[in-house]
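Single chain ahead, by itself, as structure tokens, in the form predicted alone.
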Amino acid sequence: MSELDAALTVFSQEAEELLTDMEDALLLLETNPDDSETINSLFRAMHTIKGSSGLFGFNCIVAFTHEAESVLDLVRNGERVIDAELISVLLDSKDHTAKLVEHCLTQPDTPIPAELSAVSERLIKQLTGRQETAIQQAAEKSSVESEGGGDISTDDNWLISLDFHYDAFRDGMDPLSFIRYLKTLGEVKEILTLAPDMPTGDDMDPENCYLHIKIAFQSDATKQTIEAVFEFAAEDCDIKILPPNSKIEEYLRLLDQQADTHVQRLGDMLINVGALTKNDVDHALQHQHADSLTEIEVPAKPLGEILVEQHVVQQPLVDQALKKQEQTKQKLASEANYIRVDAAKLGHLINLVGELVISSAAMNLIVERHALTDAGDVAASMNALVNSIRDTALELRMVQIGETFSRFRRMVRDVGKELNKDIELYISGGETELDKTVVEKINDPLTHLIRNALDHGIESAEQRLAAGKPAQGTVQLNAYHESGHIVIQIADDGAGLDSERILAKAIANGLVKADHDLTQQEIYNLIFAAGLSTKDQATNLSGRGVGMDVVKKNIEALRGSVEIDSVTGEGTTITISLPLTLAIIDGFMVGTGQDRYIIPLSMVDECVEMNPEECEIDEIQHYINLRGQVLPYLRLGDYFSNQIIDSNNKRESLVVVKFGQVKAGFVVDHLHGEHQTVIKPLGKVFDNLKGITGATVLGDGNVALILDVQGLINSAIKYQSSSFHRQIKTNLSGERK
């Protein structure tokens, strides 16, 4: 990848992050429009995008974001009120900026399409309205009043002030010669000659020079080139050159384009863009230093203030340079603690750590097998280091889910308006962390579930008021950790699920028989069946029966689960449980016969001996009374073999596992103890194998299967006695074909 490609990649990522932050800030302002810090963050986001775009010559982005930035500047200065209408226009501006960025990145050599250009013009008109941008305000100050006589227009003209010293004539200075040479660079539009210090009568010395000349000069030359005309008069004349107002926008653009890799001094920034010369800055510094010597008790004036007072630069340029300076300081302070890492490289690191864990297990096995006592301490030390490396590597990929949650604020707002519903989104648990790969893959399922809550769940304002509810509906997004998993809940206070309607649709579609024996929970789960929808008419949001089955498949592909709880008239809660990571877990290894299995350690509650003398065991119904708690149990050897194994005269252990609030027991022959488990996905040939979520390679090279605890708990509860055994044989014979 070339340096330019790498820079464009960083620009794309930064723009996406800034636009996301901008959207979040705008949605927050709907409820708290007076939050000055949020308004400042909006301004900084648009300002940064404008500056970064200028670096790559993306002028269409610069032109558009400049107008938005100017309006935001008015807002933060209290000159314009931010209301719902302006927030809507700014949200549209944010979306349009994203499209401009996409166009510039994908088609950098292609002019902006007419439709994008038209949208830019429309949004700029909506943004500015009757308000004037900072540039327009500066342009209104199109004249500079001279000391003692008249105005000279500085709209399109350079204003050159020449204050000759008394000895200028004696030193051979000819003011007319400079003016004649100046004409070779452009057109002298106006000359104003003043003599405010001219004495009267005998006090006037004809050899002294009392002239003060102001020149309106039109030229495309730079300030440095114009200043060079008067190079030989520098010792006999105070020279001040003020750029035309028409150049302010160019200087502002150049200021934004300046690299923010380090903090520059104010004078250097303005010199770099051509608004000042080195002589301008030196004279201002001398003035500042003189003030500090003469007025000890009074702090010296800031350099920018002195430069404006000396009429060598306009105030908007000083303000913009100071903003750029502060922005660079904040960016560098923020970036000092972070570096960008390619996700592919991070994934490769996790894979290497996984192989390291497997190698460590192999070494431990060799040390134990050959009784290498001398190597035991070294192996233990290495295990501790491997564990630390593993945990640190996994933490690198852990991100807070709050950023994903925040993206749904805009969707709730827009969909609510489209459906003419007043809906508020409440977010909690945004600081909960999980693997970045899980976050990326859960975004689409969450989007679909929230859209369904908005469309199906929340009633119209009229229906809610008739039911005694507030007109405004609510959707809650919550996340928290539980038993080594992350739990995400999407809850609404809508009408709830209509089980009779769901069942009628399912019967009509042939999904269940009319003489069914389904529980309420099983009826709710029918909404995950392909092609089932309770909507009579499809819309652009829902109603075609497509999506909920995909939602469930995507969640299960992440080794997660989804459950539904609903109360008619009160609302629906959908609970998603996901593993914290898809790479490495702490496991508990058990064995039946020659087979070994891994149970996620966070789901293991306890291990006890399967002793009929101490525990009341129902071999028919497959329940065990464990200290007064009745648990269903499942013999792993029976479930994963073709035949029922006789457990008589065989010592067995019961591993009590839990998933949420539900517990069950797994009966095994051997307890091998804790085991660091590197999760390896199973091939497509094992897609229909129930009760298994993956596999891992053991230190001796053999493979152990990772159990799907939730699925097995459900099997333990569902299947009983002989019907349980018959179902096992049927399932296994079908799966092994």
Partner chain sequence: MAIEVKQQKNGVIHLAIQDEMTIYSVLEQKQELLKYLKTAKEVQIDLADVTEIDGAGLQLLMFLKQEALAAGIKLSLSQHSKAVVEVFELLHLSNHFGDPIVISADWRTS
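No experiment lies behind these values; they were computed from the predicted model shown. Positions refer to the first chain, counted from 1.
Keep in mind that the form predicted in complex with the partner chain is missing from the display, and what follows is about it.
M204 is the sole member of A118, A466, M204, A290 with a non-hydrogen atom within 4.5 Å of the partner chain in the model of the complex. Distance criterion of 4.5 Å from any heavy atom to the partner chain in the model of the complex singles out L211 from the list C615, M382, A362, L211.
The partner chain is not drawn, but in the model of the complex it has no heavy atom within 4.5 Å of V630. A residue is said to contact a partner when one of its heavy atoms sits within 4.5 Å of a partner heavy atom; T200 meets this definition for the partner chain in the model of the complex.
Within 4.5 Å of some heavy atom of the partner chain in the model of the complex lies at least one heavy atom of D174. By the criterion of a heavy atom within 4.5 Å, K278 is excluded from the residues contacting the partner chain in the model of the complex. Residues with any non-hydrogen atom within 4.5 angstroms of the partner chain in the model of the complex fall in just one of 383-391, 180-188, 559-567, 350-358: 180-188.
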